[in-house]
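Only one chain is shown below, in structure tokens, and it's the form predicted on its own.
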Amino acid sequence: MANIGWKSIKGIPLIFTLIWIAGFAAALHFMDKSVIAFLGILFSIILIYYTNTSKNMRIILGAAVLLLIIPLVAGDNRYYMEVASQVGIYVAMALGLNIVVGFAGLLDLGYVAFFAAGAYAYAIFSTSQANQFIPGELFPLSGEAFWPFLIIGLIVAAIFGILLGLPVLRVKGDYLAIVTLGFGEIIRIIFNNLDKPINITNGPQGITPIPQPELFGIKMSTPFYFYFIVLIVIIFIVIANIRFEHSRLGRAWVAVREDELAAQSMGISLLNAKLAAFATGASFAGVVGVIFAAKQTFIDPTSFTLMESIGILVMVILGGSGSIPGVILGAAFVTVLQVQLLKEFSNFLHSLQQSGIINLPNQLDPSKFQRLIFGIMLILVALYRPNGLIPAKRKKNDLDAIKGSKYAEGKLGILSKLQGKES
């Protein structure tokens, strides 16, 4: 019954989607800090995905919402743009983890380590912290260094991904999850203790002030600018995901995910496939880490705990492992839930408490039940949507068409050699 109800969403009329976008765009403009208005404009992206129109029209509508409507309507509202940029950061992280978990089937519980690698790479070398171990007083750098550090963060995180991939090639399943969990904790502890004998990371005190991006003399210090930076990165990551999904490497990842022994027997190198998955997923996290460090202007090891890795994994599983639109939906939903919904609901209950309408104990504050809510959501998804909110689509081949093609006329591979010997 759940599948029947979900399939009925498909084929939404275009006029309904346009009215929905216009209505919630107006609400977003006139209402300050409205949870419903913000959720409505975000949900319009899902409506566009299921709208009964051409693919090009859906792309145009999605671009209009993300590039025009949200910046023009909510661009002056710091609260909305802060939440939107935060959602974008976690969407980009989830898309990176989707390559490792969704495409290659490698359960990674230490993904936040790559996020930390990119963040610390920018934080250390863009501030005066690097003067602690590099002579010459060459630091801090200006905000214009942010742009090349996006590439540097990508490379550093990819190296970390390879370092993680090499020791775990013979490990899979639950043991792989344990090893990656340990890797993530080791990286966090190293960053926490790397303040002696040489002070590299400043230990638990963290690094500040981290310079924010600059471009042609314009300092991009507001959430409005970070929204566009994150959006550009997401577009790049989505395109990369789509290209990988339909590439030879992407098909190799799927083969490894389904059956490693069968994949190896077909000539797929498990070493290359797994290392490529770890390095690719890690590199995206490194780029996002640089953006996170610049946005926060302060980082410390408490920003990269195990719960962050679990939260990102929840986003992938909830949305649909291996599904690009599903992962985007899962990341957006979970981030809005923890950043906006629970916080606003908690503030609403506190206002009722101050008015004397209810008496809410501090232990029942909704913001403290975040992990409980995540657990309940995962149970419900496992029961009613085991493949995620938007399951990954499998490419279906027409066997009759393949048999009738010109490639089926002659023998291929070993059969062609045997046929040649017989003749």
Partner chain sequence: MLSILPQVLVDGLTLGFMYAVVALGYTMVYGILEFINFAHGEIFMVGAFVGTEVLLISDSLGALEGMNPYVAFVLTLVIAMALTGGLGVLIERIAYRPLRGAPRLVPLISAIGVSFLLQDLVRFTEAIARNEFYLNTPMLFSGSISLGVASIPTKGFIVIVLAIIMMIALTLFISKTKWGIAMRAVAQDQSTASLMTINVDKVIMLTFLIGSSLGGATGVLFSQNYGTIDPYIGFILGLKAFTAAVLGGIGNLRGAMVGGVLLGLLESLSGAYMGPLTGGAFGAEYKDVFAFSILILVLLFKPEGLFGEAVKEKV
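Remember, it's a predicted structure, so these values are computed and weren't measured experimentally. Residue numbers count along the first chain shown, from 1. Take the two forms, find the largest set of C-alpha atoms that superpose within 1.5 Å, and that set is the rigid core.
Only in words, not in the display: the form predicted in complex with its partner chain, which the text now covers.
- Across the proposed site, V171, V179 and L372 without exception bring a heavy atom within 4.5 Å of its partner chain in the model of the complex.
- Taking a 4.5 Å heavy atom cutoff to its partner chain in the model of the complex, the contact residue among Y175, F236, F133, F348 is Y175.
- The contact with its partner chain in the model of the complex, taken as any heavy atom within 4.5 Å, belongs to A382 out of A26, A382, I36, I59.
- By the criterion of a heavy atom within 4.5 Å, K393 is excluded from the residues contacting its partner chain in the model of the complex.
- Using a 4.5 angstroms limit between non-hydrogen atoms, G105 touches its partner chain in the model of the complex.
- Put simply, P197 is close to its partner chain in the model of the complex: some heavy atom of it is within 4.5 Å.
- P204 falls outside the set of residues with a heavy atom inside 4.5 Å of its partner chain in the model of the complex.
- Contact with its partner chain, judged by heavy atoms within 4.5 Å in the model of the complex, is confined among 219 to 227, 291 to 299, 348 to 356, 106 to 114 to 106 to 114.
- Residue L261 is the sole member of 247 to 261 found to place a heavy atom within 4.5 Å of its partner chain in the model of the complex.
- Annotation for S269: C-alpha shift under 2 angstroms between this form and the one not shown, rigid core superposed.
- Relative to the superposed core, Q205 undergoes a Cα shift smaller than 2 Å between this form and the one not shown.
- With a cut-off of 2 Å and the rigid core superposed, Q353 has a Cα displacement that reaches or exceeds the cut-off between this form and the one not shown.
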